[in-house]
Every structure is written in C-alpha cells, then in structure tokens.
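Single chain ahead, by itself, as structure tokens, in the form predicted alone.
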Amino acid sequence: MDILIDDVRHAYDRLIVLNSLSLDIPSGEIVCILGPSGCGKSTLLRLIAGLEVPDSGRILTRGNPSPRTLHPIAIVFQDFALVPWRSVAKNVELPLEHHALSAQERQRRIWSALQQVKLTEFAHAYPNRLSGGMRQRTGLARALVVDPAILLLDEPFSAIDVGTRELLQRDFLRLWEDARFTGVCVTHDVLEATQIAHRIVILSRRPARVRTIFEVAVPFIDRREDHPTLVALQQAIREIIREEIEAGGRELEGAS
C-alpha cells in the first residue's frame, strides 16, 4: 500500500512539531526517516499509524492489502513493549485476540510469525528470560502476525548490541523480500539507513518539514559498510543533520 502525507501540521499545545510536511511513499518501498533529535520523527510515525490525528493536512493509504491481512498497519516499538507475564507466543497472539479466527488459524499465524523471526524454540519463554535481540524479534513477530501491508518501525534496533543489530537488519530485509510490505523506519543510525532503505528522508529541525530525500541506488546484495557510494551518502546525510542542529542552536541563541 502507498502512503500519502499531504501538508501535515501537528502541535502539542503551542509547540509546533511538524509543519507543511508532505511525503509520498510508494507501495513496497522501505523508507528510513532521519533528522535532528526532537524534530518529530516518532510523532510522524504515530500519525501514520493512526495513534494520533494531525491538526491539519491528511495522511492517506492507497491500495488493497493482501486477503491475509488482518490489519493493514503494524508498528514495532523501540522499547519492545512486551507484556512481561505473557510468554513469547502469547505476546505474539495479542493482535489476534480481537479477530474472529479459528483456533487452528490463530496457531498457524503465531507459529508462522515465530518461524519468520527464528523464535519457535523460545515460544514458551517469558520476556525476562530473553536477550534484547530476542525481545525485539518477539516485537517484530507480533507485528508480522497480522500480515501487515505497512510496517512501521520506531528505532527498532537501537536498544541492542551492534552484532545483534546487524543480524536483525539482515533478517528484516529477508522478511521484506518475502512479504514486500511498505516499510517506514525511524532511526538515528545513518549506517543502518544506508543498509536497509530504498530512500532516506531527512527532516529539518522543528517544526519539521522534509529537508532532503536521497535515493539509495546500490542493490541490497552489494551494500557493504565500506562501499564508496554508501560512505559518500553517509557523509552527506551527517552534514545535513549537522547543519540543521547548528541552525537550531543559532535560533535558540537569538531568542535568548
């Protein structure tokens, strides 16, 4: 499914977070959203998810999801958001509890999602027995169990170690190859963005608008950390974010 973000404005009380923000995300594309801290990246994700409603403008989804889809949009949170007294399988089952499914179909979906993230042998374990990577895999399985057409990720790999993060990034791309969902990932990690995105959207300082969009032309199979095109792209992204941070600092100095 496509996502259309059209002239969106959103504020919390008098603090304008997003202003005149427009973006078109084609079906089946992975987009990473970067920008200065506090610029509204997670707010934008919540608006796309329907967890909040923009003050003005509109966010539309276009296209028909798969017949298997129980909910067109799913979200993976940074802090895992697992229920501690439920096992891995029971956490994955949560999004299914409001759907009229047979017991057989419910179990099929749970085990399919656990197989996709390589967690079947931990199905009956509890979150406090899992590593950070396993907890995040559980969160990912819980999103996949509804067969979403759009998968939103809010800094999903930031709370885990570098080695596990790289494994999860590769697994995420494998999952995308299988399902071809539309992916929107908020991240602070420039390297991560150049490894998993088709396009990288840089937001300006608050109130955020789209500052720049980069196409990542290197095929996934060729994306090494030292690839010259990706290294140059990372440098360009960091420079733009630095410019936005410095400009924001000057504005604060001028207002004081």
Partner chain sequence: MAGSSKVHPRTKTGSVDQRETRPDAEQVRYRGEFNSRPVPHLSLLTLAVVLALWWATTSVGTSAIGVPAPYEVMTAFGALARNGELLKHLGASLQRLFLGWVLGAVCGVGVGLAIGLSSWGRAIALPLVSALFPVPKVALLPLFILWFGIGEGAKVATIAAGVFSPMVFAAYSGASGVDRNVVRMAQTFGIPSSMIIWKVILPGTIPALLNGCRISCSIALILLTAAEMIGAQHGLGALVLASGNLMRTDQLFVGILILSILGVSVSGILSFLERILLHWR
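What you see is a predicted model; the values in this text were computed from it and never measured. Residue numbers count along the first chain shown, from 1.
The protein also exists as the form predicted in complex with its partner chain; that form is not presented, and the subsequent description refers to it.
K.L.:
At 4.5 Å between heavy atoms, is Asp79 in contact with its partner chain in the predicted complex?
P.N.:
Yes, Asp79 sits close enough to its partner chain in the predicted complex that at least one of its heavy atoms falls within 4.5 Å.
K.L.:
Just to confirm, Ala49 within 4.5 Å of its partner chain in the predicted complex by heavy atoms?
P.N.:
It does: once its partner chain is placed as it appears in the predicted complex, Ala49 has a heavy atom within 4.5 Å of it.
K.L.:
Even though the partner isn't displayed, in the predicted complex is Val117 close enough to its partner chain, meaning a heavy atom within 4.5 Å?
P.N.:
No.
K.L.:
In the predicted complex, is there a heavy atom of its partner chain that lies within 4.5 Å of any heavy atom of Tyr126, even though the partner is absent here?
P.N.:
Result yes; Tyr126 sits at the interface with its partner chain in the predicted complex.
K.L.:
Determine which one of 140 to 148, 180 to 188, 163 to 171, 108 to 116 lies within 4.5 Å of its partner chain in the predicted complex, judging by heavy atom distances; exactly one does.
P.N.:
In the other structure, the partner sits against 140 to 148.
K.L.:
Between the options Ile75, Ala89, Leu175, Leu130, which residue brings a heavy atom to within 4.5 Å of its partner chain in the predicted complex?
P.N.:
Of Ile75, Ala89, Leu175, Leu130, the residue with a heavy atom within 4.5 Å of its partner chain in the predicted complex is Ile75.
K.L.:
Taking only heavy atoms into account, state which residues of 77 to 109 are within 4.5 Å of its partner chain in the predicted complex, ordered by sequence.
P.N.:
Going through 77 to 109 in order - heavy atoms within 4.5 Å of its partner chain in the predicted complex - the hits are Phe77, Asp79, Ala81, Leu82, Val83, Pro84, Trp85, Arg86, Leu94, Pro95, Glu97, His98.
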